[in-house]
Structure formats: C-alpha cells, structure tokens
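What follows is a single chain, given as structure tokens, in the form predicted alone.
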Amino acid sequence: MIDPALITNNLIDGVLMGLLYSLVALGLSLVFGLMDIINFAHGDFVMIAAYTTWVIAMMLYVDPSVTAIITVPLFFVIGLAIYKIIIEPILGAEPLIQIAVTVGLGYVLQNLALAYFRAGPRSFPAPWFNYSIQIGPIGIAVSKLIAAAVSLASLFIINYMLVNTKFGLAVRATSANREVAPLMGINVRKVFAITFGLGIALTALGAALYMMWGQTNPYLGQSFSLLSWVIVAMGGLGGVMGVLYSGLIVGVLEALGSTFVSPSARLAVVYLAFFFILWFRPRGLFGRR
C-alpha cells in the first residue's frame, strides 16, 4: 500500500508545480491567442532564461529568485527584438512556415547553450529557501511554495491588466478581430510587440522561480514546451483562468503519475489524460474557439 502521507505530499507538490507551469504557459497562450503564432521555441526561452538566472545568481551570489529583477525586463526587451526581427515577417504566413521558423529558433537557442555551457546540468549551490515546512508527516518545500505564490499573483495581475486596462482592451479587441481593430485606433503592431515581449518576460520569471530548487541543461526547454502546449490546448484559449485551471490539472496528473505509476512515467500519464480530454472536448476544457 502507498503511504497516504506520500500521496498528500505529491499532490501538494503537484499543485505548486502546476501554478508554475501555468505561469510559463500563460506567455504562450497570450501570443498564440492574439497572434496565432505557433511558437515552438517558447520552452527554449525558459532554458536560456534559466542559464541567465544561474549566471547572474552565481556572479552576485544571490538566490535565483532575486535575479528576476534583472532577467524579466531583460527578456522583455529580447522578446521585442525577436518579434521585430523574426516574428513580424511571418505574421499571417502558413502554419508550416511558422513552425519551421520557431523550431529553428529553438534549435539555435539550444545549440548556443550546448556550445557555451556544454551538456552538464547547472544549479545554484546554496539557495536561500532550501528547507521545508513540516506539518506532521507532510513536508512543503518553501521554495516551491514561494514560486507558486508568485506565479498565482502574476496570473491575477495579468488577468486584471487584460480585463481592466486600456492595453488589455486593445489586446482583447485585436484578438477578436485584427482587421477591425486598426479602425478603432488600435496600433496592432505595437500590441503584438508588447504582448510577445510580455510572453518572453514570463519565461524569465518562471525560470527564476524554477531555479530556486531546479537545475538547467540545454534540453530543459523541451519539457517546458510540451507541457505548455498541453496546458494551452487543454485550456482551449479560455483566458488566464483557463490556463490556471489547466496548469493545476497537469500538475496534479503529474503527481498522481509519479505516485501510482513511476516518477519516470509521470509525463506519460499527463499526455494520456490530455488525449482522453481532447477526445471528448476537442476545443479544450474552457475553450471559446
């Protein structure tokens, strides 16, 4: 029999990780929902951001979470540059062209990491929050608790921005009809650029939080890319709340797979459940289109 305390521990861990997954996937959802850009390099930006986080943390000898003060605005600017140089020319292009360009961008980022950092994993040796809160037999990692709290706060802040600000109104109007939006005085290209920059900035925030306990390698982006696409597809472009709920589902499924099947097969459980959900809900659980 499986220890109930182990099940509870894994479920709590799954919820905390699910919130972090939601944060990373939100950047992908914003870009795809607004621009219809299939960005297969999204996870590789998480990987590059994780390496950047590690370098800054080692140089300043601060906890990786603190580096978000530097990496988030830095990656926002990088996102603006990537949009202008690479993404803007393929707006409206055939999906195959978008896939080829973004997959190629992902491989460029991955090979740059391989060339500079080699294949060995990198992690911060002395994270500040590397301890747990014990409640009887239940242990909650403080680093993951902080990451989950910051992720949840960020999701609600972005949701508020989209619902209650002029920029959010411009994003929603452009998403609804990008041909009519310019007639309403909306600078569509500016909205696209800022949204793409925000999506890349969220990968930097997610990477800074993940590096509080995790380690990075040149292939880290693959797992984040796949999980992000599962969350976006499962949510069905249901807005920030759709991403939040889908991320929590993925985190819990991953925990259940690790508990009842095998830690090495936990992602297989996630994908099988994903296929099952799409069989009955082709537009996702919270899909509007």
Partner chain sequence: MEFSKAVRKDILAVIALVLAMAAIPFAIGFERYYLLILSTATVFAIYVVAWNIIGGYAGQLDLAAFVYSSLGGIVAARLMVYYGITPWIGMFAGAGVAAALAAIIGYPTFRFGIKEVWYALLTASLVVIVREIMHMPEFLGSLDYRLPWKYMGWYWLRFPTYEQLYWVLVAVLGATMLINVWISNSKIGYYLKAIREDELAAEALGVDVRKYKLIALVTYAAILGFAGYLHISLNGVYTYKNFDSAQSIAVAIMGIIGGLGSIAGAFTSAITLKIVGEYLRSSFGAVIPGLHLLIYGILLIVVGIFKPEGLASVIEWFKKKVGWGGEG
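Numbering follows the first chain given and starts at 1. What you see is a predicted model; the values in this text were computed from it and never measured.
Keep in mind the form predicted together with its partner chain is missing from the figure; the text below concerns it.
Asker: Considering non-hydrogen atoms and a 4.5 Å limit, does its partner chain approach L112 in the predicted complex?
Answerer: Yes, contact at 4.5 Å.
Asker: Quick one: does A68 come within 4.5 Å of its partner chain in the predicted complex, counting heavy atoms only?
Answerer: No, A68 is distant from the partner.
Asker: Even though the partner isn't displayed, in the predicted complex is Y245 close enough to its partner chain, meaning a heavy atom within 4.5 Å?
Answerer: Y245: no, not in contact with its partner chain in the predicted complex.
Asker: Residue-level question: is Y107 within 4.5 Å of its partner chain in the predicted complex, judged on heavy atoms?
Answerer: Yes, Y107 lies within 4.5 Å of its partner chain in the predicted complex.
Asker: Report the stretch among 177-185, 147-155, 88-96, 72-80 that approaches its partner chain in the predicted complex to within 4.5 Å, counting heavy atoms only.
Answerer: After filtering at 4.5 Å, what remains is 88-96.
Asker: Pull the contact list for 31-51: residues with a heavy atom within 4.5 Å of its partner chain in the predicted complex, in sequence order.
Answerer: If the 4.5 Å heavy-atom criterion is applied to its partner chain in the predicted complex, 31-51 yields F32, I38, F40.
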